[in-house]
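Let's start with one chain on its own, the form predicted alone, as structure tokens.
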């Protein structure tokens, strides 16, 4: 692929802010998105195991519905968070974005409906299990497989986007143009590594789950101890599998001795020790977040190097500063998003730590954060529509 072709595919309007900022935001948002993808995958897979055990095992009778609920919430969050990294990569890697969409257009189209069907069936699974303990096994398995297939389609999209040297052969194999949109590419080693991370993620989640419930009187010590032990086993085994898969992936692409790759390996080793000891799973989760950011950074480094070797650098992208737009985005992301998430997390924490029914209206912290969130939302909507209308009429009248 010639650099002139890649440069010609860039947006002639340039980018509204410095490319490095979008690069950092991409790394951050992809890590957040991936965290919930892995939690959804792990919790749903484990819940299916639970449906076969919960009728005869009191522990799984409690745990299975909680895992199903965790998967349901995680899927909704990962869908919302999945938009941001796509937007950021579209801004600075638009040649990759549009070419991959063209070559795998049918896959992208099918992905939307696959996700819709899979998530709808998940609700069927949720209600079937809720109605009958251990019910919905077949529906759960089908939903799980459909959602995994949706992830496979996105894997294809990501792999295709970083193969610029092969784009022409994909578009016109043997000189014959193929505009079907069925181009499909996989990197098995990379895929195994990414999917295997679901095991330690759900393991660490179970450690947090057991620690969180340890102060509740309505959960027995046996249940708390069992979930903690299960989380430790899954975490240790999963990290070992992920570590081997990661080393294999790095060896495949020649990045094993890269400083960032070594940092990830060190991070995984630290995680392995902390999961095995399970002294404070909340701190372990913090280390997990750091490792997730490093993995996201590694993905970006690989793509950046591939494109740079072809003469395409995101740092050379023309910049046309749009301070008002960036200001609005940052205020939305940090202020509205920050306060809103703080409100939801605080309320969730209080609900989980309260015996019986929690009344948020009587809690000062929850009430205050709720009022702040509502006020900021109203102000944001007024500014958003007023600003939009002002720009619209100033350009048309």
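Positions refer to the first chain, counted from 1. A quick note: this is a predicted structure, and the numbers were derived from the prediction, not measured.
The form predicted together with ligand HEM exists for this protein as well; it is not shown, and the discussion that follows is about that form.
- With ligand HEM left out of view, the stretch that reaches within 4.5 Å of it through heavy atoms in the predicted complex is, among 314-322, 143-151, 236-244, 168-176, 143-151.
- For the candidate set 91, 194, 228, 274, a heavy atom within 4.5 Å of ligand HEM in the predicted complex is found for exactly one residue, namely 194.
- Proximity to ligand HEM in the predicted complex, defined as a heavy atom within 4.5 Å, holds among 135, 105, 267, 82 only for 82.
- Relative to ligand HEM in the predicted complex, residues 30, 33 and 111 are all within 4.5 Å by at least one heavy atom.
- In the predicted complex, ligand HEM lies farther than 4.5 Å from every heavy atom of residue 183.
- For the chain shown alone, residue 219 is not a contact residue for ligand HEM in the predicted complex, no non-hydrogen atom being within 4.5 angstroms.
- Taking non-hydrogen atoms only, residue 115 approaches ligand HEM to within 4.5 angstroms in the predicted complex.
- The closest non-hydrogen atom of residue 211 lies beyond 4.5 Å of ligand HEM in the predicted complex.
- Interface residues of 160-177, taken as those with a heavy atom within 4.5 Å of ligand HEM in the predicted complex (partner not displayed), are limited to 161.
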